[in-house]
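Quick setup: one chain, the form predicted alone, written in structure tokens, and binding and motion questions come after.
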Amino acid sequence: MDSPTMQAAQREALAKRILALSSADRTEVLVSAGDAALTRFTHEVSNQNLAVENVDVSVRAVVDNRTGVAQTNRLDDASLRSAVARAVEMAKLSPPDPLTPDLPGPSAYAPVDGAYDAATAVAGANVRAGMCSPVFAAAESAECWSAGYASTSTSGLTVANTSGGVASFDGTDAALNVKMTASDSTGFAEGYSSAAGSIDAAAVARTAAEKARGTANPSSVDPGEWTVVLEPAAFGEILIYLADHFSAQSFDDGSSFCSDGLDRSYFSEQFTLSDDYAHPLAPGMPFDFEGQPTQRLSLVENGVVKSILTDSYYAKKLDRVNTGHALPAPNAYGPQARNLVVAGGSKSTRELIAQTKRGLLISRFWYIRTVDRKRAIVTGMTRDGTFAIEDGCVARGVRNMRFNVGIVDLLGRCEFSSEQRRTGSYHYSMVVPTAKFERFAFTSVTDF
């Protein structure tokens, strides 16, 4: 059975058909085909199944260095002609920008192993039900109730332009998100992969249940500065608030911490960060939404910021190399990382905990909000599994706490486990290890 998602050859034929309709000086067509399904569950019952299949077409037209963009998901001739005409007309009405770049020409793209899984591409509700079943069994065994979702998706993208550039990519994705609730405690675990069959649903469920049972009868601890061990989900939720600082747009407008200069040491020597679309735990697209090949880029090496991310516009404006990190036009965010990876350390997670005299083990955070953009200060709360560490052992569950920390400062006193794991929810995905931080500031304690 083939995936119902429009195939690359079909997308490329559609894109070339649209390009032939344009009278603009330069035209770019982005065809995005997606097929996504999700099963939600609560109290060991599947309570919602939803699926969406769609093909979006976006046309970017450039006339006399003026740019216009129009979109449609109707693929008949009249609708496509209308989208092209609207893009051209909007370009003529837009102010000219002498920095408007040329569109990328033909390029070669490196193959990405593991980004597409044929079984996941055709996964139906039975596959997602199979992922939920071990969760329900674990919940009943642990006398908890579960909530969460299982999802599968297929996405195909083609970018083509009048400079001769054509790039296509197909990928699949699957996720299992589990929260277990006991009488006065909760636990969380997650699993992500490009192949649904490689997610160990029983292990995810077991971990969430153990956290819920392990934090029963939580006690309070005093707010203040603590040594913390953040599991990958918690670390990723904080780190995402640093990602935009590596955008050339943030660097240029002065809102990034590294606007003060590159090749400077901002972090601990332990911290090394890259953007790597070919990482085996999170294989991604080898080009950006302009069709420019994406560089596997080292952003931070042993604490020193080495690079920022560019697209064609900011490469031209700042006279830098185009690293291939454009978002679909138009966007207000500038170039962005899509596959962040934090290098692992030399110790296991178990060793990080064993070497902690007094601290907290944190599973995840909730409602993180920015307090100071330039200094990357954020606030938020712990959730679904917060434990006290005493004399190198996970001792007991504690009540949730509110924190207020500067991420740049925090990464100046960090240590990482050797095990990396993909994490991500909602708007981000990345590969990170467990992280240990000193002097993590908590401001208050909750009553749950």
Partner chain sequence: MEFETAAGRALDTAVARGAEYADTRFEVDRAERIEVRNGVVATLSDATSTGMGVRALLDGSWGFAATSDLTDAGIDAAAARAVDVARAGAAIARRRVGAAPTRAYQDTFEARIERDPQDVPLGERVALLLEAERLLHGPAGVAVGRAWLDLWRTDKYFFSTIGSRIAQRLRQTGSGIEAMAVGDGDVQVRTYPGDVGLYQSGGWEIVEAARLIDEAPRIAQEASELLRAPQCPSGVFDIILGSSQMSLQIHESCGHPAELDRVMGWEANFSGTSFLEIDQLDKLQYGSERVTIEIDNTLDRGMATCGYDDEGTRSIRSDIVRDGVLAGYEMSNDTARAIGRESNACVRASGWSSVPMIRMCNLSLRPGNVPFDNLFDDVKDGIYMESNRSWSIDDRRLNFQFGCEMGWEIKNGKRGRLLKNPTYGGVTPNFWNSCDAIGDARSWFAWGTPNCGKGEPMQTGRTTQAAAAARFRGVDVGVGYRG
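Keep in mind that this is a model prediction, so the values were computed, not measured. Positions refer to the first chain, counted from 1.
The next section is about a form of this same protein that is not shown, the form predicted together with the partner chain.
The partner chain in the model of the complex comes within 4.5 Å of no heavy atom belonging to G191.
Remark: R369 counts among the residues lining the partner chain in the model of the complex, judged by a heavy atom distance of 4.5 Å or less.
In the model of the complex, no heavy atom of S107 sits within 4.5 Å of the partner chain. Taking the partner from elsewhere, E419 is found to have every heavy atom lying beyond 4.5 Å of the partner chain in the model of the complex.
Residues within 4.5 angstroms of the partner chain in the model of the complex, judged by any non-hydrogen atom, belong to 177 to 185 and to none of the other stretches in 345 to 353, 177 to 185, 193 to 201, 267 to 275. With the partner omitted from this view, the residue of T386, T27, T423, T67 that lies near the partner chain in the model of the complex is T67 [heavy atom within 4.5 Å]. For the options E143, D97, D102, D263, the residue carrying a heavy atom within 4.5 angstroms of the partner chain in the model of the complex is D97. Along 369 to 400, residues R369, T370, V371, D372, R373, K374, R375, I377, T379, G380, M381, R383, D384 each place a heavy atom within 4.5 Å of the partner chain in the model of the complex.
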